[in-house]
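Below you will find one chain, with nothing else, as structure tokens; this is the form predicted on its own, and questions on how it binds or moves follow later.
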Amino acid sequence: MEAQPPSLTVIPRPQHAISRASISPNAVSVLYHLHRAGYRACLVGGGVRDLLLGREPKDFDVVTDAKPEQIYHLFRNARLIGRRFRLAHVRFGQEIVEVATFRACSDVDNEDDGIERAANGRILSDNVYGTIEEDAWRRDFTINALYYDIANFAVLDYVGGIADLEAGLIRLIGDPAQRYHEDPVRMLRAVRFAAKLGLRIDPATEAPLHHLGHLLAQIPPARLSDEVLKLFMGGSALQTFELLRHYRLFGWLFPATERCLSRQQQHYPKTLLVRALGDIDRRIADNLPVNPAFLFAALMWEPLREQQHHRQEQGLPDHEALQEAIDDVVQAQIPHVALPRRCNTMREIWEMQPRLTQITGKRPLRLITHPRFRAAYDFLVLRAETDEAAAELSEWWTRFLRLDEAGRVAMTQPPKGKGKKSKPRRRRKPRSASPDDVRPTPDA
């Protein structure tokens, strides 16, 4: 994509709401360090966008005219990462400030522009550096191409991002179809921003979404795994899910789940996945943690149930049917979206569902000490909203967890008359008399 003639709009400090006090002190330190070293340094992307919207940014990205190697030598706590996009991570304890170099625009008609592309147009490597104007035009959405310049505290807009922000629009920079072919993940980002920020997707940006989902098959499953976490763990999981299905993108991420949902369309609002996504949104709103394994367990629950039922119909015992179903569902999913490293946690959540039906004797007391019990119990509570048998079981466990140890022991005792029958005492046989034991009779 060629850069357009610069049409810079400068919003001076008195006319915007961004304050250095609202920016991470570490990001401000990086900006000033670059500036004092003679480089241009700006805050860019989602951090600027969120501050202008009055939202609290999750992270702050810095962009500069310093090359990656110069950034590396300038910061002792920096390391260079990335092949596709070479950039620096400057670490401050647990916080990382990402620092990138201004990049030049791509030109699909120029094979000598230094940018490596696949035959279908997807950009494989983009480490050709340029000016701030060129950098603005190579970014994806206009609302993400706004710069906060540390030199004068002004906001710089080369692409009409301020106007789109005020209009509540998500608009791609350049030709939408070409930009999606360059990086198909932009389709997922458009959906995520629409759900997260409550903005509308510009019609020209929206139109290709309905028929370009197949491009996601070109993206490595590990990268899509990262995108799935961003999609569903940003506080708007349910709305994101609805939009992904609307644009026919969800099926390219979780094809087996999409097939199950399509068959259950009339019961769709009652599926466990819908309830789980709503629960994740509530937990994030309450600043409570969400285990990624719990999310993936919910995302693939419907195909797991279907596979398990199929094997049970073939005569496999319940335990074997569950194990085979888990193996098949996981193997079928991996080529599309890689599962989290803690995939075993997801398996344990599924495997513990039958164990939760064992509510007598010492088993419940042992089960609550299992490190994955809480996740498995939370999953059972979600199942209870759409499954009558699970509802009864969920109620039992909820009452059980509220009791002290003595109450729990009493609750797990078998009902009277249904416990183990006591064995009858064996009657001792009379001992045979010996000659010495014979007592004389009175007449003897």
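Residues carry their position along the shown sequence, with the first being 1. Since the model is a prediction, treat every value here as computed from it, not as a measurement.
Another form, the form predicted together with a small molecule, is not on view; read the next lines as being about it.
You can rule out all but one of 398 to 406, 58 to 66, 372 to 380, 32 to 40: in the model of the complex, only 58 to 66 has residues with a heavy atom within 4.5 Å of the small molecule. In the model of the complex, the small molecule stays beyond 4.5 Å of every heavy atom belonging to Y72. Taking non-hydrogen atoms only, D50 approaches the small molecule to within 4.5 angstroms in the model of the complex. The closest non-hydrogen atom of D183 lies within 4.5 Å of the small molecule in the model of the complex. The small molecule in the model of the complex comes within 4.5 Å of no heavy atom belonging to Y129.
Of the residues given (K196, R305, H336, R86), K196 alone sits with a heavy atom within 4.5 Å of the small molecule in the model of the complex.
Only one of the listed residues (N144, Q239, Q353, S225) places a non-hydrogen atom within 4.5 angstroms of the small molecule in the model of the complex, and that residue is N144.
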